[in-house]
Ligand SMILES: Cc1cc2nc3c(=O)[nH]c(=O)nc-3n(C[C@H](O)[C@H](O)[C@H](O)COP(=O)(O)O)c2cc1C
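First, one chain by itself in structure tokens, the form predicted alone.
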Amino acid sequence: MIPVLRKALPAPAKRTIHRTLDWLGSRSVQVFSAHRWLATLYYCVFSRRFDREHLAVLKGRAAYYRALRAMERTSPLLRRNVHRLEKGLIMRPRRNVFAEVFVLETVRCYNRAKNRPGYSPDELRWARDVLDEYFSVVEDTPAISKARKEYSEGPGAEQSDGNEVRTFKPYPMSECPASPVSFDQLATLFVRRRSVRWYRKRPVPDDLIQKAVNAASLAPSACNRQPFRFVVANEPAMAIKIAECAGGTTGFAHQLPAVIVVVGDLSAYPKDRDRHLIYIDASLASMQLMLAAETLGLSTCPINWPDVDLAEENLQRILKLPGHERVVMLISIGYGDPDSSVAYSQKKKDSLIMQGFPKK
């Protein structure tokens, strides 16, 4: 009905309707933002804007518990708990007893994963190396002793001869590789990376996109769960179809060579308190991806993805996304046209963006 009215109504009438709705909206938010219960009433009765997110969070929690039983390729619980063990191992001073509450859960999760064909070998190796290190330094309590026994007797338990190097465990900061990049060089890369909207008609090699994605995977992530994935449309027809779902691509979507859809996965969390982490972690990785692409000679443009029902439904249908996954943003990628222009986009700096506490 609304699309029909948009086409049928003359422009002056549409402008009048928009002004009226804006006026009503500005007045209503003053009233309903006064108290929490009024805000709840507003989003229950007058606006259903968050319905899709509410449903996605619930579907994500349900998918989390299903995944715990399936343990197909990766496990957010195993990743989270192994990382928690790592944080205990690097604590200063390190306690003699820690992780009693969740170490047995971690061992059982690891043992189930070892039985699953196709499970990530790197994730298993990381879990094994960290668990080995944990049990080599922690003192026994009844809970830890039980976990140690189940770990040593688990399926395919390995008897180390002491010669194998365990490289997937915490290591000294002094062993981090030295950085050959100076601040000025990094700042130049930041200035070089612009949001490029016009591209050459040149195919984008899959291996370069994979390199950029692999670099993006090194971005920090809460408890190392990495609740996101990158869906790559490296064929112009599909890239254009996807880009046209977004509202901010009018005028340039028709010539995009490739598009990456950044998708957040709410099945990584059993509690709704963590629902915002898909956006934080995915955004950290996306920025790293765009900077990596720049070093590979590729230009990018992050494409905003506001929460609009019709756009969400269209893209979810195109990508066949399950209900617990949410689109975070789109990123166009390709060889930028050197004859095109980029926006200056003046940025805030100094006191406009940083505020410190007064020093005593």
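The numbering used is simple: start at 1 and walk along the sequence shown. Just so we're clear, the structure is a prediction, and the values are computed from it rather than from any experiment.
If you look for the form predicted together with the ligand, you will not find it shown, but the lines that follow are about it.
Remark: residue 322 does not count among the residues lining the ligand in the model of the complex, judged by a heavy atom distance of 4.5 Å or less.
Using a 4.5 Å cutoff between non-hydrogen atoms, residue 303 counts as a contact of the ligand in the model of the complex. In the model of the complex, residue 255 stays away from the ligand, with no heavy atom inside 4.5 Å. Using a 4.5 Å cutoff between non-hydrogen atoms, residue 195 counts as a contact of the ligand in the model of the complex. With the ligand omitted here, the record of contacts in the model of the complex names 247-255 of 142-150, 212-220, 181-189, 247-255, defined by a heavy atom within 4.5 Å. Residues of 327-360 placing a heavy atom within 4.5 Å of the ligand in the model of the complex, in sequence order: 345, 347.
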